[in-house]
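Shown next as structure tokens: one chain only, the form predicted alone.
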Amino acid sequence: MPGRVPHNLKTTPFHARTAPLIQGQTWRRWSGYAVASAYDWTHDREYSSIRNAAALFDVSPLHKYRITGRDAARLLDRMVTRNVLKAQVGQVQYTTWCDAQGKVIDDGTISRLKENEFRLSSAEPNFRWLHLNAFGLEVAIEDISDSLGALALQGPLSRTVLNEAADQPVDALKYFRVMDNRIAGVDIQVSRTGYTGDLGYELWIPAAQALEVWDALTAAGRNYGLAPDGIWALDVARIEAGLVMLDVDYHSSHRAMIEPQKSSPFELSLDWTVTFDKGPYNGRKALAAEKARGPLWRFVGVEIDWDSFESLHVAHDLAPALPSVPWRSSIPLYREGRQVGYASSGCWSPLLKKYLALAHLQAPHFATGTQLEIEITVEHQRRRAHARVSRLPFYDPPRKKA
């Protein structure tokens, strides 16, 4: 039946609109919710809408928390690696937060909505962790995950669509800033953020009025190629943008089985999220020591050499076999015959016409331009194709921040 979801999964506030659009019933689990891998039978058109028009993603399964009170900023500042006290009202910060050993628990965004009101969004549940860090502080923590829907409107025409639908124009909204707005008479907040590496916005919408906003956006986008997009298309875009994903490219330190499964912000190449110009916070001492000695691993981009990849298939009289959807698995990487790391996700980039991967490499093998080999399987045989370390992001259009 159209719209039928797997047993025991929750549905998002937009389910009544999104479910009938999923042609192949490609449901998947995200934080206990049922969401679409793709709406079309393949994700090609959806990916094209991200890079050429406008795409609408239902990202309501993100965990969302409202932190208020006199010590709201102090709580977040002692928990995360960014300097929250420096954030202005209306500013959004992307950040990581770590355990005492400087290993990443999760990453997400903090929006400063008022002087003493913040919204934290994350991939993992963090309600208990927030309370543990709030000891002795005057602060209130509210889990608003189910009461607040979220849409990501992404792509070069996203601003045009949003301006048609919203009461206030968003032309002046800067990168990583948030503003109040209204769509279809519904009070919402719009942040200039996203997970595609393109021009884009995220809309934070009361769940009870979610459908009115969806209808207004889709009506406004009808003449601009707006398309609902699923996770497969999003995965291609975020790989092109070099964006790390929890449970795919790294494990939360709270759920890692062994120490080698944990990663620091430096090992994830998120150095810019770590600051030492503030007071104590979780993992500060460990991170300072790591910065002084240098990380043992780095998160990098890898480009797979097409001629090498093709020749391994031609040897079996086969055409090159590219993945039909982005992959999320551990693939060994070698240098001079020795394994020096692994790729954690990858895809064929339709825009760049390259086979790309996101990877973890040991020191000193992560310098840009380093020649590698990546393991591939051709006709049931494991072979190695040439590859090289590439600077991230693979794709970074000026319009993203302009």
Partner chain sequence: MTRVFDSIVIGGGVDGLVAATVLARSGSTVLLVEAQPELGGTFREIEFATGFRAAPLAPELGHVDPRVLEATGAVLPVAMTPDPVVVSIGQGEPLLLRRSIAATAAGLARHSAKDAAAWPAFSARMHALAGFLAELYRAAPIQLEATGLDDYLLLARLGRKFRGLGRSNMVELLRALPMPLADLLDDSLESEPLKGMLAAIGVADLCQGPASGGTAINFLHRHVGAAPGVFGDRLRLQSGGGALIKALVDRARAAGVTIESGATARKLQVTDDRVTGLQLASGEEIRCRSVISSLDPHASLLELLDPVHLDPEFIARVRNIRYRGVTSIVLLALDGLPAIRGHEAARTGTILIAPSMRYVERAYDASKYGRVSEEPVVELRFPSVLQSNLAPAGRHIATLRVQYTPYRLREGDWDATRDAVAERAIAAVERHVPGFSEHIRHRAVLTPPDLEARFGLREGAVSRGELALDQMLFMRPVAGASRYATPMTGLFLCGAGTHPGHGMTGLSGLHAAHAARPR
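Positions refer to the first chain, counted from 1. Only a predicted model underlies this, so the values are computations on that prediction, with no experimental measurement involved.
Below, we turn to the form predicted together with the partner chain, even though it does not appear here.
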In contact with the partner chain in the model of the complex (heavy atoms, 4.5 Å), from 134-142, 162-170, 227-235, 324-332, is stretch 134-142
Checking Gln93, Asn282, Ser269, Ser121 against the partner chain in the model of the complex, the residue with a non-hydrogen atom inside 4.5 angstroms turns out to be Asn282
Contact with the partner chain in the model of the complex, heavy atom within 4.5 Å, among Ala292, Leu85, Ala208, Ala100 goes to Ala100
### Message
Taking the partner chain in the model of the complex, would His15, Arg17 and Arg182 all count as contacting it (heavy atom within 4.5 Å)?
### Response
no
Report whether the minimum heavy atom distance between Trp297 and the partner chain in the model of the complex is within 4.5 Å.
no
ask   = Might Trp129 be said to contact the partner chain in the model of the complex, defining contact as any heavy atom within 4.5 Å?
value = yes
(message) Is His254 part of the interface with the partner chain in the model of the complex - any heavy atom within 4.5 Å?
(response) yes
Q) Would Arg112 count as a contact of the partner chain in the model of the complex, using a 4.5 angstroms cut-off between non-hydrogen atoms? A) no
Residues in 55-89 that come within 4.5 Å of the partner chain in the model of the complex by at least one heavy atom, in order, are Arg74, Arg78
